[in-house]
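Take a look at this single chain, the form predicted on its own, given in structure tokens.
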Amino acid sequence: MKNLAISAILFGVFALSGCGESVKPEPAPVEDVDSEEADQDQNDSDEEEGARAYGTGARGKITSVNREINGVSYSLDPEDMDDPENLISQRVIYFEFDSSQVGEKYKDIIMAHSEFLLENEDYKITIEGHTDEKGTREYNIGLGDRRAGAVKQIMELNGVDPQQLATVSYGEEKLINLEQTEAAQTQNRRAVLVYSKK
């Protein structure tokens, strides 16, 4: 009798479970969106994000680009390049006597100019190499060339397009201080960055 009651209950459970209909949820309606509009919306969003990253206003136009090296901030905007407060306005790299090795204190300046060229591809730089009067004319032309080349090499390592860089050596031809003191001669041992438009 117990077995019969259990069988009746199980039969009822199976019968009820078979009676239910399986209901599939209807898919949500899909809005027909033009793929070009969707791409444009994404581009607009990306540009707005870029503008916020650079601290700029209008979409699609960067009005000022600021960077910082070792606590010194500077602008890569061509309108600010001659501002004495801007690192880009420093365009002379000095060298030790008979050396073409760039001193550590000038590497930030070279990095700033490298970033300026990367940001402003319509500009280029001619790097002029200069020396003092010590040594022969031929030797000084070679030394000036090595000084200009050392600055150029650092800029290329920073990613600057070689087409934006040129070098020229003046040796002792363009002294800026004619005094014979060591302090005066130090001013002549230099590389000068001269900007122009392509």
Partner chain sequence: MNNWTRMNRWTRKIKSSFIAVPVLLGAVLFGAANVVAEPVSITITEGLYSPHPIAVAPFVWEGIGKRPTVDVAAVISEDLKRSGVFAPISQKEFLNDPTFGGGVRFKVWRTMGADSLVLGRIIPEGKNGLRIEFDLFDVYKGKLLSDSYVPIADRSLLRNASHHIADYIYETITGRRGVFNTQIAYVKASQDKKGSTKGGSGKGKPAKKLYELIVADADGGYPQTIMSSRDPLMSPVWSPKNRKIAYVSFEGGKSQIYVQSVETGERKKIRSFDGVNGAPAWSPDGKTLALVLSKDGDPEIYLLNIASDQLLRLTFSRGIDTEPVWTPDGRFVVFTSDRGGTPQLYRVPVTGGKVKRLTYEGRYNSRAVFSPEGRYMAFVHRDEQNRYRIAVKDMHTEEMQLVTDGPLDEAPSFSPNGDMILFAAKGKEKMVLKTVGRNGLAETSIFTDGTKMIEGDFRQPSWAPFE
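Numbering follows the first chain given and starts at 1. Remember, predicted model here, so these are calculated numbers, not experimental data.
Same protein, other form: the form predicted together with the partner chain, not shown, and the subject of what follows.
- The partner chain in the predicted bound form is approached by residue 180, whose closest heavy atom lies within 4.5 angstroms of it.
- Residue contact with the partner chain in the predicted bound form: residue 138 places a heavy atom within 4.5 Å of it.
- Using a 4.5 Å cutoff between non-hydrogen atoms, residue 134 counts as a contact of the partner chain in the predicted bound form.
- Taking the partner from elsewhere, residue 161 is found to have every heavy atom lying beyond 4.5 Å of the partner chain in the predicted bound form.
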